[in-house]
Structure formats: structure tokens, C-alpha cells
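Consider the single chain below, provided in C-alpha cells and representing the form predicted on its own.
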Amino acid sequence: MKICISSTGKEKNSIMDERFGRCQYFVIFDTETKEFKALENAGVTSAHGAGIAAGQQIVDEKVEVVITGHMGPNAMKVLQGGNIKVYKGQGKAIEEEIRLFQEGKLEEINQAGPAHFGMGNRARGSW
């Protein structure tokens, strides 16, 4: 199984990014090979449709699970179309998020949050 975590960095000790469509990197962990792989987010520089671009990138990687903080409606539609489950992370290091998922301690996200979460909503204190 491949698990993708939205990340602030490329390493397995990097911190999970609360954003999905606007995170800098995706770190993918393969539970069979125990290997980590980091990808730059294709959607991060998009003026519009960042969630769609990011979601399609993850579908193309044949990931089965995504761990992130927030998921916008467009990204959620793309991931649900690819039968990818989304879980709410706790803002910890990538390795810790994977451990929490494997222990069943992360909550599944079934509904999208507000659109454009990663475009400045932090400044308004909405998270």
C-alpha cells in the first residue's frame, strides 16, 4: 500500500503540511518495500486549480491513502474518483503520521473543507 502525506519537506522526519493543494511536497511511503519517496507538488504554483493538479498527481502515483490536514472540494473529488481514502493528520513528523495511521489513530475525512484553505486563510485565523 502506498501512503501519501502532504509535507513541508522532502524527508521522512519533515512535518506534515496542513494544506493539500498548496503543500510544497508529497512524501509517499510504500508499506511493502518500506521505501520513502518525495515529490514536488505539481499544484503548488498553479494560479487556479491547485487541488485538482495535486489530486491528479497523487492518483497517477497509485496511492491508496492520503494523510493531510485539510482537503478542498476539488481535490476531494479527484481523490474520491481514484478511490483514495483521506485521513486527518495531527501535524507531526511524516514517520509519526504513518505510525498513527497504521495504529488506526487517524480520523477519515469524508467531506471536503472550504476551498482555497492554503491561500491565506492562516492569516485570518481560521485554523
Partner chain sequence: MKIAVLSGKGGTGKTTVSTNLAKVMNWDYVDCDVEEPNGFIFLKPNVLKTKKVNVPIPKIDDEKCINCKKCVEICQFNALAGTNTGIILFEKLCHSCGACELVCPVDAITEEERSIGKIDIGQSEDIKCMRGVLDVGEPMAVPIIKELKSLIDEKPTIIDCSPGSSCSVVSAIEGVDYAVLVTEPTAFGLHDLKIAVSLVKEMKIPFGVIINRAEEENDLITRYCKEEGIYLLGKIAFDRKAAVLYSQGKLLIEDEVFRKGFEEIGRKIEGVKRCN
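Just so it is clear, the model here is predicted, and its values are computed rather than measured. Numbering follows the first chain given and starts at 1.
The discussion below concerns the form predicted together with its partner chain, not included here.
Of the candidate stretches 85-93, 29-37, 98-106, 44-52, only 44-52 has residues whose heavy atoms lie within 4.5 Å of its partner chain in the predicted bound form. Although the partner is absent here, V65 lies well away from its partner chain in the predicted bound form, with no heavy atom inside 4.5 Å. Looking at 65-89, the residues that come within 4.5 Å of its partner chain in the predicted bound form, counting any heavy atom, are N74, K77, V78, G81, G82, N83.
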